[in-house]
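Shown below, as structure tokens, is a lone chain in the form predicted alone; questions about how it binds or moves come after it.
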């Protein structure tokens, strides 16, 4: 079916105001009497707090308030598991934990005041590695973690936050039936989301006593709920006002400093702004979990996977507070089965306490770690079986009717078509263009996200339509997509549909942004609301006896009777449906044998997609995720030693730049069977997870060096080559 607006490559309409500085982010909010808040952070990974002297800070001119845990309610915060204090009360558990907070007339005075606070600590034993943290005799971070609100019941060790399992068949019986068994262990690094806008927020208390919040947060209604709990206030007393978000990638869903800003606002009687410096982001944000993943796979003589057991240890840091999943774990661990038919499967994921920065969600939480391990493992097995890695994958790909690790039943599986498209476009079977050049393939899949979203559409007196929505646009172009959906349904030009951003007063609930769900839930809500408004417009035109009446005439006729034509829809997707989206990627790399330097010569990414609502934004999501995957594979790492992060600027952290991006080929296999509006599928998180293993597999193909721990640096490859020389 041909569409008028859907499927058209329309450019971002908010780009000019964002690049010109006109867009007002949370950190730009200014209110009368506004003051600045800053937090003092622990320099030690694990220590008892013996004494805090704030007298000099309080005496500094321009300081309005200094608070410690003794000045605050004894409340724990979190997203699902509530185990993190507002300020460290008796001890600190990681370098960067907040110990005190100040409010001052400007940020420089606030920083000066922090330097005047004297804290006396007593060192405590610390543990940093998740393997060591669950051994007998390891330092215990939380004496009774099972008592925390939201804590899972299973706890094989006091330092285990949570356990998540996926099981199919009988894995031990599967291993007994296997002809060969392979086992490998992989490690992934601590990695930041890399958004440019740091966590920022403004909290004020208005003349009616209501708490007004502006925050860089993608889930305003959940934020309202969490603040209600943290501040011990009724939800109706809090309003979250939406602002543009300068990048998210999973990291903008927690309360962060907002409860402290509220307590400073109470203490000073003035609105308080708190903006994290990037040093604070990197030492106390909520980055991607490092992981230690062991995979054991049994195969038959003909190269069929019979059984797999996966054990993943996620280094979760000092608190579980930043994880929103119901299991307080990482659902992406289900990707331990990959895109393959495995009758006998057991995946166990353990999130482990350590004296490191607490970790949270990052784009495709848990999946890049697990897919790196799983797809590297597949290539290693293929080489041992003397099989082409692509052929080994072909023999094991999911088919219609198969089950995923979580028991989800699949239909309309397009794994094979996606793999073949990537292989063809990357010239997989052709000779390589020279020595020290290799190719590597990897695959993944992703369901469209579920959740619930409200939309309200209103016909204005001038004949234009306004869409009221409470979904923030995190930089993805989501608001443009929603406008396209409404314009398509109502038969309007795009510029006659406007977006109005709701507050948490306008609807009762909304699940917000995350999990590749915005086009699904927001789009379907907008679609159905627009359909309802269309029916009203048609009925109104019939009453006028003029079916061809203009929309402005229809709106004005209704207004003369005191009516406004508007319609709302609440869309609640409780299940994924049976369709998942597949991705296959091929990297071609060159390795310099003298230095170990890896250069990605070309990258091919093939995607099984539904109806594409906006091709420009769709491609932007593919390329953005791919480039993040490139950084994860080759350069990004928050380096730590004894809990101390040494990469405390984006320059040290090494995000990819334009010079790091290889030539890209994108292949889209369109098939309109998705659950989104007009049969759209998810794309936001599909392109990131298979990048690292594709590159690792290509490096092994190019020079024989297998990198088991990310990132794949020149040093690791160089020493791998030297080790190979010594053994030969």
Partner chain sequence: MTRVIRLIVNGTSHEVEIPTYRTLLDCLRYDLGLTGSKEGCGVGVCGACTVLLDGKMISSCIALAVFADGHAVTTVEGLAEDERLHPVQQAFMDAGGFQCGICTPGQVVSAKALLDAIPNPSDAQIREWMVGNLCRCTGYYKIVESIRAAAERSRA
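We call the rigid core the largest set of C-alpha positions that still match within 1.5 Å between the two forms. Residue numbers count along the first chain shown, from 1. From a predicted model like this one, the values you see are computed outputs, not experimental measurements.
Keep in mind the form predicted together with the partner chain is missing from the figure; the text below concerns it.
Exactly one listed residue, out of 50, 672, 661, 59, brings a non-hydrogen atom to within 4.5 Å of the partner chain in the model of the complex: 661. Contact annotation: of the candidates 131, 650, 539, 233, the single residue with a non-hydrogen atom within 4.5 angstroms of the partner chain in the model of the complex is 650. Partner proximity in the model of the complex, defined as non-hydrogen atoms within 4.5 angstroms of the partner chain, places exactly one of 273-281, 560-568, 369-377, 460-468 at the interface: 273-281.
Among residues of the shown chain, residue 11 is one whose heavy atoms approach the partner chain to within 4.5 Å in the model of the complex. Although the partner is absent here, residue 678 lies well away from the partner chain in the model of the complex, with no heavy atom inside 4.5 Å. The partner chain in the model of the complex is approached by residue 624, whose closest heavy atom lies within 4.5 angstroms of it. Proximity of residue 24 to the partner chain in the model of the complex falls within the 4.5 Å heavy atom cutoff.
Contacts between 25-59 and the partner chain, taken as any heavy atom within 4.5 Å in the model of the complex, involve 25, 27, 28, 30, 36.
Positional change of residue 23 between the shown form and the other one stays under 2 Å at the C-alpha, relative to the superposed core. The Cα position of residue 709 differs by less than 2 Å between the shown form and the other one after fitting on the rigid core.
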